[in-house]
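One chain comes next, on its own, written out as structure tokens in the form predicted alone.
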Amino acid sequence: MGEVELSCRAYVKMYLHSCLFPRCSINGLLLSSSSAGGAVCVTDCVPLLHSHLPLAPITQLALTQVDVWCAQTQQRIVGYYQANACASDCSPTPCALKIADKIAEQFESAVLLMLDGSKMSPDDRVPPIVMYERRDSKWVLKDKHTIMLRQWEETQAIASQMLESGDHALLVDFDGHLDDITKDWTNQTLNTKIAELSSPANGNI
């Protein structure tokens, strides 16, 4: 399977989702706005849940709504991410494997990304991610050399800056939307903020 590139926006939102619910398992969907073929470019993510991750009806509802939104915005679901409640545990759970399998039925190059909560300090020099790909009907570790996160130091700095500024409180996951349907699970406000911080005018790429 080919290379996977993770955008600044996608990483920062996953990071903030995890930081917003530090004692919970969290999950979400990875999206791409690029055309099929070649490397998988993860350009965005949709934070889903921070409680009752294995609850199938809510997950199915979320997948359906995100699918509809993706069709309207020329995007597609290309993977799944999860962070476990225990920071040192970054092994895929049965729930993670089940949802990732479902995504792989629609997109054969789908990836499963686990956040390593024990390596999310600003001092850590490598991205705290463990990525899996589906091979022969099984999820296996992906070669680290095929995973790209361009401008990692800048991306890490933006994530830390937003956390320190309290911007993680702006993040809305699907759970939060179900509690208050006026909340925007597509996180356009947060996307704009990330774009502003990563623009060349602010010294970042």
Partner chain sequence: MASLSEMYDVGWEEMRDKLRKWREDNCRNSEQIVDVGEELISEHASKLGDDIWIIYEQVMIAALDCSRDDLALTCLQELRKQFPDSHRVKRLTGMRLEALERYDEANKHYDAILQEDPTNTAARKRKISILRAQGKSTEAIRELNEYLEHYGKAAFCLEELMMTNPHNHLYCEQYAEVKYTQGGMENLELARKYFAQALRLNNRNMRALFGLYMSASHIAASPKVSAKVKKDNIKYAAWAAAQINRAYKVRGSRSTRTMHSSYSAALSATESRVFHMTLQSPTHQLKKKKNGFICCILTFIRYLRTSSHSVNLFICIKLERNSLPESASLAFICKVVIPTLVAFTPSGHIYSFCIKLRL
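Numbering follows the first chain given and starts at 1. This one's a predicted model, so the numbers in the text were calculated from it and none came from an experiment.
Beyond the structure shown, there is the form predicted in complex with the partner chain, which is absent from this document and is the topic of what follows.
Using a 4.5 Å heavy atom cut-off, which residue among M148, A39, V140, I58 comes into contact with the partner chain in the model of the complex?
Result of the distance check: I58.
Is there a heavy atom of Q72 no more than 4.5 Å from a heavy atom of the partner chain in the model of the complex?
Yes, Q72 is a contact residue.
Is T192 close enough to touch the partner chain in the model of the complex, meaning at least one heavy atom pair within 4.5 Å?
Contact with the partner chain, no.
In the model of the complex, does D175 have a heavy atom within 4.5 Å of the partner chain?
Yes - in the model of the complex, heavy atoms of D175 and the partner chain come within 4.5 Å of each other.
Quick one: is V68 in contact with the partner chain in the model of the complex, heavy atoms, 4.5 Å cut-off?
Within the cut-off, so yes.
Within 4.5 Å of the partner chain in the model of the complex, do we find a heavy atom from each of R23, C86 and T182?
Verified in the model of the complex; spot residues all in contact, yes.
Would you mind picking out the stretch of 140-148, 26-34, 154-162, 50-58 that comes within 4.5 angstroms of the partner chain in the model of the complex, counting non-hydrogen atoms?
One stretch meets the cut-off, namely 50-58.
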